[in-house]
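The data below hold one chain only, encoded as structure tokens and taken in the form predicted alone.
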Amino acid sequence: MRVLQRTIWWGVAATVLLGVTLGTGPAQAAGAARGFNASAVADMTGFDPAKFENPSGDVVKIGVLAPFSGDAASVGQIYWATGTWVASDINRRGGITVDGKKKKIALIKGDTMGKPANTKQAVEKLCLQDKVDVLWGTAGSHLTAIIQAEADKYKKLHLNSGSLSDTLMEGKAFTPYTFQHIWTTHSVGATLAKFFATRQERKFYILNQDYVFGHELAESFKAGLKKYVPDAQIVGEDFHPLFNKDFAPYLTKVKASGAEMIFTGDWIPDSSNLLKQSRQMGINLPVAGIFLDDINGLIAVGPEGSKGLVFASELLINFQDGIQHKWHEAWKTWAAPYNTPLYEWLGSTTGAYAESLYWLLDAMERAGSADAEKVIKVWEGDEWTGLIGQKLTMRACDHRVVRDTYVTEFVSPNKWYKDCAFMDKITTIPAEFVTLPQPKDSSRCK
């Protein structure tokens, strides 16, 4: 198993950073490998997501679908920080070539409030009133399913950067207008199981949010363990409501189960509340998950409370990368709510969101158009150099990304933060072990 995994230290991939070659125009062959050095990122001095203003004139409009209010408003802030960074970078470099002329990027908020009815209303407004070219989002696979259906109805490109459900791009749910840049629940389960095959932990307690993603992720983790860690035991399994306030009933069962590790797919605020309440109850078990990098939540439990967490992601960004330092320098002048440690560095979630938008805009540039049909032709089967120099492939038949994945354990001290444990060594899991097989029920994939 160890031979099939390779452990890399910070410092690798410090030169090839963003897979974007903007300004080349449609003459560049679709599917050609691309990438540019960190120095190609614009001078971001003075950039602040709290003060972002859309350019005037003829622009490419991106509708940002995220919870900008309600219990998960912090997720919307992450979308906005990332989206405005990419838009500002591209705009400062003159925009992208669309319909024979340079156009800058405008972002328009669509507040889902984390609720199905509000999501549908937000999509309709963005498409019918704001006339956006692209829909971008969102957190929550049940909400993304709504966006996909509406994108298909209005023939709008939809970039899914936040929802992992395997079923989103299968069967009747598939639409050619949606591209799933984010990894899938299958990939998460396989990634962590492959990682735990080299570790001592064998007793796992699953605690997830009670909706389609949480249940799919639990099944994927169990399937991964069965394949790669056949002697592992699931000593408990529970599902809690979204935006849960009281984890004590669940954690009491965890404590009595004899678990050696808690596995969770919870995202903020649930992930941070789960961690905080477990430590308050004297439960210092390590937690494995994919949304454990909420720095504000980690600082709340301190170095001891966050040490030993196992964090898996589709993207872990080098401390030394040039884009990191441009982001970090800009962050020093940001206003609330972006002046907290959560945004101090370009993290896995913000990095993946940025990567998805850069890839989208590069596909538009090569298509020479914001027209959905033209961009689809370029993006299907595209091979592209990602944020950390890794090869990304947009699988043509089901519009899902094929990529390596990564796992790290949080340690203290570390290079990043003094008030909490954070990433150290990174284990890379090759794409061949974690990629969801092509759907068998699709004629496109035969």
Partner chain sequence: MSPETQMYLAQGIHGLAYGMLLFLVASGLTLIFGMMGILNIAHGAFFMLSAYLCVTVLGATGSYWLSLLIAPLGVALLGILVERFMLRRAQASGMGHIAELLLTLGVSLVLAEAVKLTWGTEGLQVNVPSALAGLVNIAGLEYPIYRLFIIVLSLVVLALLSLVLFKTRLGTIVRAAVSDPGMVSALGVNTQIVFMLVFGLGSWMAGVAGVAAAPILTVFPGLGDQIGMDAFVVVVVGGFGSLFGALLAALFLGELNAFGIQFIPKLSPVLMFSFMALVLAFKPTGLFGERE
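Heads up, when I say rigid core I mean the largest set of C-alphas that superpose within 1.5 Å between the two forms. Keep in mind it's a predicted model, so treat the numbers as computed, not measured. Positions refer to the first chain, counted from 1.
There is also a form predicted together with its partner chain; it is not shown, and the following applies to it.
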Could you tell me which stretch in 272-280, 80-88, 353-361, 220-228 has residues with non-hydrogen atoms within 4.5 Å of its partner chain in the model of the complex?
272-280
In the model of the complex, A173 touching its partner chain (heavy atom, 4.5 Å)
no
Considering non-hydrogen atoms and a 4.5 Å limit, does its partner chain approach G100 in the model of the complex?
no
Whether Y211 contacts its partner chain in the model of the complex should be assessed with a 4.5 Å heavy atom distance threshold; does it?
no
Might G258 be said to contact its partner chain in the model of the complex, defining contact as any heavy atom within 4.5 Å?
no
All of G297, P337 and L342 with a heavy atom within 4.5 Å of its partner chain in the model of the complex:
yes
Using a 4.5 Å cut on heavy atoms, which of G381, P413, G70, P55 is close to its partner chain in the model of the complex?
G70
With the partner left out here, which residues of 219-241 have a non-hydrogen atom within 4.5 Å of its partner chain in the model of the complex?
D238, P241
For Q280, state whether the C-alpha moves by 2 Å or more between this form and the one not shown after rigid core superposition.
yes
Using a superposition on the rigid core, decide whether the Cα position of G171 changes by 2 angstroms or more between this form and the one not shown.
no
Just checking, between this form and the one not shown and with the core aligned, does G100 shift 2 Å or more at the CA?
no
